[in-house]
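Taking the form predicted on its own, here's one chain by itself in structure tokens.
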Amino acid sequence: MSLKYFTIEERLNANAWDVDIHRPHIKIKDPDKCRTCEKKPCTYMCPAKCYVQQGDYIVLSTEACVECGTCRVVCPHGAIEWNYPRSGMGIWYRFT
């Protein structure tokens, strides 16, 4: 039996999400701080690539979030508000 290695994208695609569209668990609470941030670590530290730079702005898409909290930790300006999703919402890990 041969061993199959999976990419991070393959592993993430095996999961399921129940996104709370009424109360997202992540928000950029101060977009002005993001515009002035030089390194924008959220755009390259988030394993799910939820943060994308478009011009001077950071666009956040919470649909693929793996709820690791990395964005909150690496933001040098405290511009990200992160909470656990409501019960029953968020990611359902399926990869074993």
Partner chain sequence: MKFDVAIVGAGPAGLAAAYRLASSGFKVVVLERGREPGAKELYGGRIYAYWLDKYLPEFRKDAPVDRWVRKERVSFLTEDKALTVELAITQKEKTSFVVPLVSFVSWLSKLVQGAGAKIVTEVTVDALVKDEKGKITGVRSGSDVLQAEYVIDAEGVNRLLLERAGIVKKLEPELVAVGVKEVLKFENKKVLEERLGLDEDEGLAWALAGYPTEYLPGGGFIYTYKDSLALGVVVYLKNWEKLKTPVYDLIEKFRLHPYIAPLVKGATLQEYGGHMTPVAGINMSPPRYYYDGLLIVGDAAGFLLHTGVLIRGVDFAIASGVLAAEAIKEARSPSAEDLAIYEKKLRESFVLQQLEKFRSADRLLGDESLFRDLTLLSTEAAYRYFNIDHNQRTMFEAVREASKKTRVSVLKTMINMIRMLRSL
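Just so we're on the same page, rigid core means the largest C-alpha set that superposes within 1.5 Å between forms. The model shown is predicted, which means the values in this text are computed figures rather than measured ones. Positions refer to the first chain, counted from 1.
Keep in mind that the form predicted in complex with its partner chain is not shown, yet the notes after this line are about it.
The closest non-hydrogen atom of residue 24 lies beyond 4.5 Å of its partner chain in the model of the complex. A residue is said to contact a partner when one of its heavy atoms sits within 4.5 Å of a partner heavy atom; residue 18 meets this definition for its partner chain in the model of the complex.
For residue 57, no non-hydrogen atom is located within 4.5 Å of its partner chain in the model of the complex, even though that partner is not displayed. The closest heavy atom approach of residue 31 to its partner chain in the model of the complex falls outside 4.5 Å.
Along 24 to 43, these residues reach a heavy atom to within 4.5 Å of its partner chain in the model of the complex: 39, 41, 43. Once both forms are fitted on their rigid core, the CA atom of residue 73 lies less than 2 Å apart between this form and the one not shown. After superposition on the rigid core, displacement of the C-alpha of residue 13 between this form and the one not shown amounts to 2 Å or more.
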